[in-house]
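Only one chain comes next, encoded as structure tokens, the form predicted alone.
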């Protein structure tokens, strides 16, 4: 946690924090790494990728591990991701992870940042522990707190009703979702277009896939590395909300391999929804404590950076003359 707070104070684009959730099997260690490809050592990066592949292999239940996105272990790709991993504290065995991705979308003269919810795996033996809510919820919550409570756009690409429902129920202004009030705004459309045009490799969609803009459906989506994730309607995990299941059944062609592209927002309301959802026991307390510290440091860090004058400007040029420079008159 100290490293994360120091990074905030110094204004660095890096972040690492962790906490333990007590449990009967010795506790769960939850660790979050922001943009690890930009700053961690080769050894640490290799360990993070290895843990993800171990979990993905178990989650595939004998099928090959999909090779795309974070699972490739590319440093440049991991420099644009936020990884959250869960392991058994007693043994160090990895049991779950999610790999969020940052998409920068040009919008006029400014850049809009979208956090893509990305790939999530939980090993079969631990799928009863509500770790999906913990992984997505804690990740986006801590990013929200890191940004000083400023909301941000999120995206999700999936054909799994359980994942589609998680996004629809936890985040705000999500489209599409099974709600008569849900409308595709101009911003939804622009972000969806940009994501499909420029960021397909992040979620394993090939160039030959089509895109139904009005419904935000990616057709023939499983051709760009995510082939092994394609599911039949019968095998896709369902959501507790029948409306979510019916939306996926009627909107998606599972034989062809379609995905829904959901666009929504993460805001302070997500905090409330997170604490109302099913989470491992004591997880809300641990998350809230770290979120509080991040908010406090987010408020104090601008003052600290103002009080401690930098040695170089934003272009790397020294602001103070060196003692050993020769002055020529």
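Just so it is clear, the structure is predicted and the values come from calculations on it, not from any experiment. Numbering follows the first chain given and starts at 1.
Although it is not shown, the form predicted in complex with a small molecule is what the next lines describe.
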So which stretch, 158-166, 77-85, 102-110, 145-153, is the one near the small molecule in the predicted complex (non-hydrogen atoms, 4.5 Å)? 158-166
Exactly one of 200, 188, 129, 177 has a non-hydrogen atom within 4.5 Å of the small molecule in the predicted complex; which residue is it? 129
From 196, 120, 71, 115: within 4.5 Å of the small molecule in the predicted complex by heavy atoms is 120
Within 4.5 Å, heavy atoms only: does residue 133 come near the small molecule in the predicted complex? yes
is_contact(residue 240, the small molecule) in the predicted complex, heavy atom dist at most 4.5 Å: yes
So in the predicted complex, does any heavy atom of residue 229 sit within 4.5 Å of the small molecule? yes
